[in-house]
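Just one chain follows, in the form predicted alone, and it is written as structure tokens.
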């Protein structure tokens, strides 16, 4: 019997291609430590690795298995910069802050690739990413973006593509133009999760799977994290559960909303396929974005963030095949070998959420679809904070992140209505 995430529908292609996936024990008994981390995704595991390497006594707990949430089941695209374009951040925060946020993201990209290389984690990195316009009136914005990135933000790797070049590089005439970024790429995310956990464990971090947190309290200079079979007492706590926090901590829950994201993997397309001949990843201009790429063995991995009533993983296959056929009509009957889903943590302005939610307890999440690159680095920034340098993490803490409207009772229905409204706008 193969293992399948108990919190998300469908067994992922990543699970079948990640290689050995070590199991870690469940916590059984009380512990004391310097730092307790709740959440075994990219953020938590990265923080655990860097903290343990610096000599801190670290305990990390995960409700299920490492990578069962978004970290092990996402689209694998790194991207460049923050979720919002740099010029959009400049309009809101000014050039100095926008440039600092862009530079931080570029450091995050370099850190991820360097971390994998230094620790010999094979993450199946493939270079290149294209961002494409699904409406003709958006094309001028993409052209201007490429020019702004080179002239104002010192990033020369983005080039504009007209409709003809876009069609050639995608193998599809569905889009009207866009940009090509040769300074980034895409990875096998579950391999990075597994490798980061190994690094953390080898550095001395105590890692526990199948260990849910039943409560977090802070007082008297200590943080107490309770679990079904033990209490962890620490000087500091990192909450890195992102979209999977539920009601664990109310401030995070009011600012980070989970939305469904679904991905399908096809059979290998073959050496003669005209689909993505350069091997780049793709994201499009829809608010309810579609994202796709080819794996190293030539499969099309295709994702779409829409809220479906998915009661069976087979339903994912139907929805994903329909979206593939819109872009690649020749693939309308392509066999989909894997269909899986999960949840992405978003914030109202699509910017990361970092906040001290109670004394000595910092929550990090809300990457809004840009988490592969940022979350690993934010784990490192948290380790820096514990060591006494909070300046760089504070750059993110200072971003304006309002709570979702509607409170706990109405925010989910309001978001559902908003997403469906934007999905309708994407079509007209």
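Numbering follows the first chain given and starts at 1. Keep in mind that this is a model prediction, so the values were computed, not measured.
Not on display, but discussed next: the form predicted together with a small molecule.
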If we test each of 352, 178, 339, 342 for a heavy atom within 4.5 Å of the small molecule in the predicted complex, the one that passes is 342
Among 258, 195, 245, 128, just one has a heavy atom within 4.5 Å of the small molecule in the predicted complex, namely 245
Find out whether any non-hydrogen atom of residue 73 is located within 4.5 angstroms of the small molecule in the predicted complex, and reply yes or no.
-> yes
Checklist entry - Counting only non-hydrogen atoms and a 4.5 angstroms cut-off, does residue 381 reach the small molecule in the predicted complex? => result no
Quiz item: According to a 4.5 angstroms non-hydrogen atom cut-off, is residue 166 in contact with the small molecule in the predicted complex?
Solution: no
request  = May I ask you to check whether residue 77 falls inside a 4.5 Å heavy atom distance of the small molecule in the predicted complex?
outcome  = yes
Of 294-302, 353-361, 137-145, 210-218, the segment with heavy atoms within 4.5 Å of the small molecule in the predicted complex is residues 210-218
